[in-house]
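Quick setup: one chain, the form predicted alone, written in structure tokens, and binding and motion questions come after.
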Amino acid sequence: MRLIIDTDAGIDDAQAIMMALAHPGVTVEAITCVTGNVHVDKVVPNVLTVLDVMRADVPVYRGAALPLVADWSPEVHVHGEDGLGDWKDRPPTQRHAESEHAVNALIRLANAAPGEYTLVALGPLTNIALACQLDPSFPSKIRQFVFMGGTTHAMGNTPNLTAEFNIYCDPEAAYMTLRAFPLSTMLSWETTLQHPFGWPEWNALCDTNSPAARFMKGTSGVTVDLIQSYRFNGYLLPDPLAMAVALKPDLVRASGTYYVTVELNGAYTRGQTVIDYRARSGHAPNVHVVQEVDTAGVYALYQQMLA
């Protein structure tokens, strides 16, 4: 598998990137960065630090600094001020991003190897929407497009009550992207809520004796505290679940393919992914919606990346 990762590199993004870098038979050929969890100027060094930890060499590209239309309101308390949990032992990086803009890199890579790349988006879809606008043939040249984002039953996690964070950050970009791609795979917020790691299992992973495990434990403390304050019954895995189903599609236990679009106007619902479950819109299905995942299989991917 030839993989491109588009990310806003918060804590769960870092774990998803680590999972991909450690997976046999997968080559991560580019990582593109976008503003989301934190500003893209922080996202880039976060990705470079992950590459240091995993001793991997992948070109990294700085992308969109702002959403297409929306104001950007970072939720810095979720991932810390730096996006990686403000870990006091975070190692400095000497790496640098490429000079080419992320959107140009996406288009160049797709044109150089049409039908070869799996694209996994872990943040707002701003870079992806811009690539679709600059090159309308871009979606047809991507082998598979997987994104973490959206809600399936309007259980949002943002001030817009029914919207999930990645889509909420740039609703126009999500709308444009879903309209452009003939078929996408979506890992939603509700699916995230239904597939945590239990706390004993999470703690066992953190106790693994490896540099990757020490990095994961050190950077994830702020999210562990937040998740426990909301009384969730385990550690949540939004971006790692999306990466897992991209790397191993057989981990999907239940899914459906529907027409999905994005609400752009509602006072409480702007950014909600609207799913045509009963095929009433007349539009062809365009999103493969993941509903159930083999969490034990995802856990095995974590063990592999922390070994």
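Just so it is clear, the model here is predicted, and its values are computed rather than measured. Start at 1 and count along the sequence shown; that's the residue number.
Beyond what is shown, the protein has a form predicted in complex with ligand RIB; the following relates to that form.
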Residue 125: touches ligand RIB in the predicted bound form, heavy atom cutoff 4.5 angstroms: no
In the predicted bound form, residue 160 touching ligand RIB (heavy atom, 4.5 Å): no
4.5 Å heavy atom contact, residue 189 and ligand RIB in the predicted bound form: yes
Any non-hydrogen atom of residue 238 within 4.5 angstroms of ligand RIB in the predicted bound form: yes
Partner-proximal stretch of 225-233, 101-109, 160-168, 176-184 relative to ligand RIB in the predicted bound form, 4.5 angstroms, heavy atom: 160-168
Residues from 1-15 in contact with ligand RIB (non-hydrogen atom within 4.5 Å) in the predicted bound form: 8, 12, 13
